[in-house]
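Same protein, same chain, two forms; see structure 1 and structure 2 below, as structure tokens.
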Structure 1
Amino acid sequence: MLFTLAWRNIWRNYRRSVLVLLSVVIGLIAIILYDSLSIGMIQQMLDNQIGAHVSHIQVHKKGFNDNPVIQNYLPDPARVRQLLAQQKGVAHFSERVITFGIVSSATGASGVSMVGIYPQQEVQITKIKNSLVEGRYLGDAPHEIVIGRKLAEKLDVGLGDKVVAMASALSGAIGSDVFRVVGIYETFSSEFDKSHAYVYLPNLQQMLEFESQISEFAVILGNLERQNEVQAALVQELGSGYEVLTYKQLLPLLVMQVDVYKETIFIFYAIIGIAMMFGIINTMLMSVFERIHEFGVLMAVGMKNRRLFVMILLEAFLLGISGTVIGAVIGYLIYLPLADSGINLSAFADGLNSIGSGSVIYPILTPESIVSAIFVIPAIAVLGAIYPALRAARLDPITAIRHV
């Protein structure tokens, strides 16, 4: 009966309640969209980095990450290879030879990171193959090179054209080779496209005077949640001559950005929450002041102040939960098609490219976001009702009854 009473009380002042409800609904929709868009963006930033090159875990000789010179090759790649093949949680891995080099054409030259790969291994790790816009991926053959669109433009080369690559070899001499462009790719980031060129691993080994040396193993896990576990296992096995780094350690800047992002989401939540709270405080105060006589009667006939207090909190709670349910449904209905088609933010694409998310964002609504909204908003409503409810509960029946 208290519930019925509270529910009907809400609808006494229809317009006022609809306004509060509307503010909750709009707030919730804003939260859902902002949250899902932000999470989508963060996820895309990470996925792009992971999928273009970084992978989940990398294994190097100790110090390679800080100083990626060719001399820092892995002490015993065969051991790492065997270990990764056995390690639980590792889905795929790819071995790489990496060096800084200069790629030049008839018209220009550009410094790039040259990555020697086994194509069949690398396709399991990165999305470069899927990002091809012209030509094909590397085959298991020497003298082929896949470069980014931006680099192709800069060097003014197209499919089938030849480029010369140079890099300093182990002995200190300059190693060089001629490659034919077989594929041109384009990823989320022109910066990345300008600076990464892929060749057949044995070819690069030869150019650098390597024998079977490998610079890095890139690892993809079956379940990303297990990264720390897998990392710990590998560190223990490999010992101190190696470094085993997760993508979070490999992308500290991005991880920092993600944190900053999460904080801005939190600030956004807080602003919306505070606005809602004041809306509720205001509404409930008005509704309490309008009902002083009635509260007097309720107390006179024996309703305890505590119960009156609870009734007003219940009213706010019902308002909050109604708004939340409506807002969540509408927000979800808006979100669904957007999650499917993505939101094209090419108007701001320059900014987005520099943070590496790409210009079409696919919002991601996590169950956590929905659940926390469903708990937090009614809680905010109840919090906002505490002061008005206290005002009501502190009334003394006689003064209240005399109030008309």
Structure 2
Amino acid sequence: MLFTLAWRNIWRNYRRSVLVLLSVVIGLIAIILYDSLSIGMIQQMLDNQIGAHVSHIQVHKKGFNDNPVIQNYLPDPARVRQLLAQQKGVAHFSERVITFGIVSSATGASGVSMVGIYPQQEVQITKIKNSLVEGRYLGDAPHEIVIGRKLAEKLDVGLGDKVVAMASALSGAIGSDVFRVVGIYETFSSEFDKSHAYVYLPNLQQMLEFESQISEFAVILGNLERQNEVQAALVQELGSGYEVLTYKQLLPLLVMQVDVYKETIFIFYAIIGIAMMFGIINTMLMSVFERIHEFGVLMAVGMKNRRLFVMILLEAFLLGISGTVIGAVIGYLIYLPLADSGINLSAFADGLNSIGSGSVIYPILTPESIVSAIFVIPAIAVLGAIYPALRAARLDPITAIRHV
């Protein structure tokens, strides 16, 4: 009976109830869109970093990540290669030689991270091949180089032009070689495009006076949820002379952003909730003051204060749950096309590319976001109705009946 009374009482003042309902619906839509867009941007930044270079797991010599000099090459790469080939959970791996050097053209020079790769291995690890905007990917021929668009613009070179690469060799001498630009790529990060150049691994080994030395193995897992399991197995097998790092350890700032966002999203919930709460308090107070005589009659015929208190809370709860359902449906219908086509923020492309997110953001709506919104909004509605419900429950029946 209380549910029936509460539902009928809501629509006794149609306009006021609709306004409250609209505030709940708009608030929930705002939460869904803001939450999904923020999660999508952060996850996109993380995926871009993983897909551009980092991979899921990297294997180095102990200390290489803190001091990535060529002298810190992997001991016994054949052993690591065999272990990765046999390790369950490892889908693909790629061998790399990495060094910092200078690439120069006739008109300029720039410091870069030179990455020596086997193209057929690396194509399973990174998205560089798919990011090509000019030319082709590396082959097995020496003296070819693939560079980013920003680096090409800085050096003022194009396809077919020659560049000179120099880096410190293993002996301490300066190793150098001439490369022809065969491909130009463009990722979601302009900073990455300025600073990474790819060459054929044996060619870089020769330039650095390496024999068969390798700087790192980049690993892609079949199931990302098994990363800790695979990491622990590799650490146990390889021993203390190696370091096995997951992308969470290699990209701590981005991973921290995800964790910080999960904590701070409740601040946004609180702002929306407080705004709705004041609206609900105002609406329910007006409703209570308009029905003082009616409440007096109900109390006089036997309705207990507790039931009156619960009835008013139910009114707020029904308003909140109705707005939540409508807002969730509308928010999800708005989210679906945005998740498919993305939100084009090309007007802010330079800023977005500098942080590695790209100019098109694809929102991601997680189950946690939906559950949080569905529970938070009705709870806020009930909290907002507590004070008006207490005012009604404390009414004196005689005074209330005489109220005009």
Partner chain sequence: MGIVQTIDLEKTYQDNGVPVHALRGINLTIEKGEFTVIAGPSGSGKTTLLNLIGALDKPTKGRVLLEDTDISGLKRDALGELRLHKIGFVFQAYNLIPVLSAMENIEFTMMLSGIAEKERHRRVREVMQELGIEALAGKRPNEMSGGQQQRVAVARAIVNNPTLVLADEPTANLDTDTGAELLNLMETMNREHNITFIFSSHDPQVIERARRLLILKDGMIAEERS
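Because the structure is predicted, anything quoted here is derived from the model rather than measured. Between two forms, the rigid core is defined as the largest C-alpha subset superposing within 1.5 Å. All residue numbers here follow the sequence of structure 1, with the first residue given the number 1.
Participant: Pick one: which structure is the form predicted on its own?
Facilitator: Looking at both, the form predicted on its own is number 2.
Participant: Is residue 377 one of the residues whose Cα moves 2 Å or more between structure 1 and structure 2, with the core superposed?
Facilitator: Yes: residue 377 shifts by at least 2 Å between structure 1 and structure 2.
Participant: Note yes or no: does the Cα of residue 295 move by 2 Å or more between structure 1 and structure 2 after the core is superposed?
Facilitator: Residue 295: C-alpha displaced by 2 Å or more between structure 1 and structure 2.
Participant: Which rotation angle in degrees describes the motion of the smaller rigid part relative to the larger between structure 1 and structure 2?
Facilitator: Value for the rigid-body rotation reads 9 degrees.
Participant: Superpose the two forms on the rigid core, then give the C-alpha shift of residue 18 between structure 1 and structure 2 in Å.
Facilitator: Value for residue 18 between structure 1 and structure 2: 2.4 Å of C-alpha shift.
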